[in-house]
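Before any questions on how it binds or moves, here is one chain, the form predicted alone, in structure tokens.
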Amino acid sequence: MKIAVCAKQIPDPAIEISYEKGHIKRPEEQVLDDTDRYGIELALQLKEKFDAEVTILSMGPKGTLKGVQQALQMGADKAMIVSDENLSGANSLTTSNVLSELAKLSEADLIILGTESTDGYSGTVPQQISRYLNLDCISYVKAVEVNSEKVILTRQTIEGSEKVDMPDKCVISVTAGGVEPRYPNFKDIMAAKSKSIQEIPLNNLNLTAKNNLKFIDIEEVESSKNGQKVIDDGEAHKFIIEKLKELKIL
């Protein structure tokens, strides 16, 4: 079994984000998006059961490759990255196009992602990749169960959760908190230094999406503080009822 995990390098969340011409300024040293750690952990659990090969797929400025290294330190076997200035400000469809082409190059049976990146929040990339690859997409996975016959995924739904059998080939998105990401030990950190990170030229990929998203301007929105603080002395419910009547909700 071959598994590909899409992982994104992002600016350190501990540092305030700055923008330039509508785009996030990305420093040389970026870190692994925490939401992707859940997808990597699920892949590693499957790797331990099936002796699978796990490849990290990434798109964006490579910088020092710290974020990719962090993914390899968790236990992934190798990585592939596309880093090209022409992808600056890429929309979700272009991103999905690039990642699906990388998935083809990796010959992956399963493609695993987090639900959404913490610097983009489109939440559509897993589904778009599944369309590009013509594979089923199992979204919002929060647990995995492996027995002698099949793999069962538990996915979050509006009403609770449901269990589904995992197809031999599919795209999976994993919710934050679904599994507990492991912390690499010193041996894992040192081993990651010798793992392969292959940079794929953009013109080697078959891209059909058009990056037609343009930022015109970014404005800071001032927060409104027109609320009223009420200390509940046991009669606050009456105050709420009166306010609702004033708004003609009651």
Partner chain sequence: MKALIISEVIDGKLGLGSLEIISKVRNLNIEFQLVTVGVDDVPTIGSDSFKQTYLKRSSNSLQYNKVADYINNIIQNEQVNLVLASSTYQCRDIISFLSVDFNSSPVSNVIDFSIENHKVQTVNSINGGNQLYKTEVDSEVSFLLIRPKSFEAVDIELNSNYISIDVEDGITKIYDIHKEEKKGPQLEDSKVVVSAGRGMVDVSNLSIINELASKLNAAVGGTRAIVDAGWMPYSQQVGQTGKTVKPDLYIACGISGATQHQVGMKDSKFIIAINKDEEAPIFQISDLGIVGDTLNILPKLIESI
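Remember, predicted model here, so these are calculated numbers, not experimental data. Residue numbers count along the first chain shown, from 1.
Note that the form predicted together with the partner chain isn't included here; everything after this is about it.
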**OP:** Identify which of Ile189, Ile197, Leu213, Leu202 has a heavy atom within 4.5 Å of the partner chain in the predicted bound form; exactly one of them does.
**Re:** Leu213
Original post:
Ok, Glu107, Glu149, Asp165, Glu85: which has a heavy atom sitting within 4.5 Å of the partner chain in the predicted bound form?
Top reply: Asp165
Original post:
Looking at 203-211, 59-67, 46-54, 189-197, which lies within 4.5 angstroms of the partner chain in the predicted bound form, counting heavy atoms?
Top reply: 203-211
Subject >> Distance check, Glu101 to the partner chain in the predicted bound form, heavy atom within 4.5 Å >> reply: no
Subject >> in the predicted bound form, Glu28 touching the partner chain (heavy atom, 4.5 Å) >> reply: no
Original post:
Is Cys137 close to the partner chain in the predicted bound form, meaning a heavy atom pair under 4.5 Å apart or at it?
Top reply: yes
**OP:** May I ask you to check whether Lys78 falls inside a 4.5 Å heavy atom distance of the partner chain in the predicted bound form?
**Re:** no
Original post:
Is any part of 112-128 within 4.5 angstroms of the partner chain in the predicted bound form by a non-hydrogen atom, and which residues would that be?
Top reply: Thr115, Glu116, Thr118, Tyr121, Ser122, Gly123, Thr124, Gln127, Gln128
